[in-house]
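This document opens with one chain alone, in structure tokens, the form predicted on its own.
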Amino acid sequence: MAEGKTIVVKIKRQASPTEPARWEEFSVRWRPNMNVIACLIDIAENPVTRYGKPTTPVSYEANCLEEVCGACAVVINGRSRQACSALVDHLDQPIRIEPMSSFPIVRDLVVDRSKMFEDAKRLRCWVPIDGTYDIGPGPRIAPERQQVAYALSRCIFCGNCLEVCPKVNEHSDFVGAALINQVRLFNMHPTGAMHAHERLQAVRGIGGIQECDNAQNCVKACPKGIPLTESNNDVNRQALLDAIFGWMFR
């Protein structure tokens, strides 16, 4: 694409959760190596539609701009992904941008992903250390185990795996692959394993691992390449063993 060219961006907008949705088209000046966030920044600086009608700046979320924070997840040309790593030159035009549908809409491209964090609290996705006194060095972890855990720890809570999951909808409370992966991660930690039973008990509850139909869309949508289907299978095995034999160790 040569200098002087423009990009047509079509954005699904909604002023509030109770307002009707609408589409607006914008024309953005092309620059080399620009991403979708650059398009949104340009639109915010000059909120005028492609047809010359003044409008309000598009609301969206972004932070790190290097696929680490997970904030800028949206649906681009029908695919849920990070806007910061979606390069304009690799996208068909017009570029269609819309909010993720698996979370409640707040405004325009901003959605409320608080359910993910509430589910993380319910599943005890942390290592419980109170920090009030020095307990010395933690237990040693084998390099092979560290390598597996590192891959799981790369989750950025973007929500792409929930967006593409057929079981995440208004008829289900399924927590999704990201949270199940967190259960596996913290159960692997020597200190976190002390509370593995509580996590597994929670993940067998409402919206838990039993809701997974193994569609495997999640592993394809994950921007960090996390082996989510392996985590689902591993946690399912752990939950089953804990349900049958867990009483022997408590």
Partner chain sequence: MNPTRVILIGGGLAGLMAAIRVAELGHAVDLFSVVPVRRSHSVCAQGGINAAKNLKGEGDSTWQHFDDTVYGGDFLQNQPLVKGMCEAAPGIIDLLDRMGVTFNRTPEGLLDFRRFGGTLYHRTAFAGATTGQQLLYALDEQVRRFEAEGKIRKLEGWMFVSAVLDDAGVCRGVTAVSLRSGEVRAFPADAIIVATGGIGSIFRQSTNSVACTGSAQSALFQQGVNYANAEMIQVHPTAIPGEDKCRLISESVRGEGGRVWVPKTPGDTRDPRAIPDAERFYFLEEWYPKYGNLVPRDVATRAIHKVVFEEGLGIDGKAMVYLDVTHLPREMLTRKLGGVLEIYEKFVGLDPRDHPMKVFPAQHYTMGGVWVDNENQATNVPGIYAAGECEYQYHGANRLGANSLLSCIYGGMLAGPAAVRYAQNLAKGSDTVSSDVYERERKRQEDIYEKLRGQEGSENPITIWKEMGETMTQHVTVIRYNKDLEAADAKLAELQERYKRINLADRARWGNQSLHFTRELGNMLVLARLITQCAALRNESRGAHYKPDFPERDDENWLRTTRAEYDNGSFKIHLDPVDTSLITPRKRSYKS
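Positions refer to the first chain, counted from 1. Just so it is clear, the structure is predicted and the values come from calculations on it, not from any experiment. Throughout, rigid core stands for the largest set of C-alpha atoms superposing within 1.5 Å between the two forms.
As for the form predicted together with its partner chain, it is not shown, yet the points below apply to it.
Although the partner is absent here, Q93 sits far enough away that none of its heavy atoms falls within 4.5 Å of its partner chain in the predicted complex. Contact check for H189: a heavy atom falls within 4.5 Å of its partner chain in the predicted complex. Although the partner is absent here, R50 is not a contact residue: none of its heavy atoms lies within 4.5 angstroms of its partner chain in the predicted complex.
Heavy atoms of D89 never reach within 4.5 Å of its partner chain in the predicted complex, leaving it off the interface. Fitting the two forms on the rigid core leaves the C-alpha of G131 displaced by at least 2 angstroms between the shown form and the other one.
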